[in-house]
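Quick setup: one chain, the form predicted alone, written in structure tokens, and binding and motion questions come after.
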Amino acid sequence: MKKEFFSTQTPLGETLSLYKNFWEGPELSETLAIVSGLHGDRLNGLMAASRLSRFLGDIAQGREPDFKITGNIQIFPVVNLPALSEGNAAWSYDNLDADRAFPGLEEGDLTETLCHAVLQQTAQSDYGIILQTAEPHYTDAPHIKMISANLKSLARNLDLRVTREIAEFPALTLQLIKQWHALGMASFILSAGTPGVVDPSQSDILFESVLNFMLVTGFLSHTHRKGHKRELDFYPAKNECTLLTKHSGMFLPKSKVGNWLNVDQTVGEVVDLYSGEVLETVTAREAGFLVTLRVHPLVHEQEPVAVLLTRKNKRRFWPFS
């Protein structure tokens, strides 16, 4: 069921409205909130949320007779609609990062009021999932991010093997996942792909991940299909190895996200913009899983170009544990 949860009049007299899709399970059911579109250019998450909405709508209308909705599910396909309309990460009028504006304000700039409305709508949920892609100029291998290591067992329900702990930093308190965590919600970020690009294969991975989560946790039931708990590789924040350039120029990737790299394996090259001369070969300082890679070619000195998740102190959680 589509429901308007925020509306305001723009300076030109038009109405800006945001909507959520909501399905009710049996009385006293738990609630799952799924949010995408915090940034206007993170399209894989938005497409996955849209597909989930259509799928749940089909279940509700009896077009998926083997499935049944057995919990409360609300999906917010797009939060930052002004930025999406422009094709930018942030709305150009206030240039405010929506995922650095929580808890928001009831009365304030438009982005702040959008964030306030989303937080109010999701505050009573039991679980929260944010769908997104990598930061601008980078691409992500599909993986899970979470604040609390205590959620490792629950994260196995998301059917993605790689999970990273989010490092503490000052602006984290302004992010939606931190606000959810403070409210006691079991919350996760699922990231895959590149900003500004729709990759159906990556959207499919996000869709299947959330679908499996809903089956395992009881938000959906199926006459034959059961969700499963996957073996999980959990990487604490201290296990991350960020690779930086020594020279400015053009960065040309020589590896792909999702691969395991050995020590000294080539990640990419930095070449001179004018001569094409190779100025530097960026290699892996440690063996690790390549989770994030720069895709925009222009780099400065000491620019991050890759993130590796390393084995030191890595914990593996098996389906039977």
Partner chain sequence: MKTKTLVLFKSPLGAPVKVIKQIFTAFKGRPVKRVSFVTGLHGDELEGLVLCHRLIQALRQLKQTQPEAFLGDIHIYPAANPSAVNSATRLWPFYSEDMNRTFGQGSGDSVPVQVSRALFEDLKAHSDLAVDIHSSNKHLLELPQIRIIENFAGTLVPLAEQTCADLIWVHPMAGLFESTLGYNLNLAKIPTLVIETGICLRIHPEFGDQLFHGMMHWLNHIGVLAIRNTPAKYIKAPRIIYPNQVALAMARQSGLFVGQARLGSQVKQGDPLGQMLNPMTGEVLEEVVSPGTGLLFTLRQLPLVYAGGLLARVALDREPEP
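Numbering follows the first chain given and starts at 1. These numbers were taken from a predicted model, which means no experiment stands behind them.
Below: the form predicted in complex with its partner chain, not depicted.
Although the partner is absent from this view, Trp91 contacts its partner chain in the model of the complex, with a non-hydrogen atom inside 4.5 angstroms. At the 4.5 Å threshold, heavy atoms of Leu151 stay clear of its partner chain in the model of the complex, well away from it. Within 4.5 Å of any heavy atom of its partner chain in the model of the complex lies no heavy atom of Arg63. Interface membership of Pro77, defined by any non-hydrogen atom within 4.5 Å of its partner chain in the model of the complex, is ruled out.
Out of the listed residues Val198, Ala171, Leu183, Ala237, Ala171 is the one that sits within 4.5 Å of its partner chain in the model of the complex by at least one heavy atom. Remark: of stretches 242-250, 140-148, 216-224, 190-198, the one touching its partner chain in the model of the complex is 242-250 (heavy atom within 4.5 Å). The partner is not shown here, but in the model of the complex the stretch 277-311 reaches within 4.5 angstroms of its partner chain through a heavy atom at Arg294, His296, Leu298, Val299, His300, Glu301, Gln302, Glu303, Pro304.
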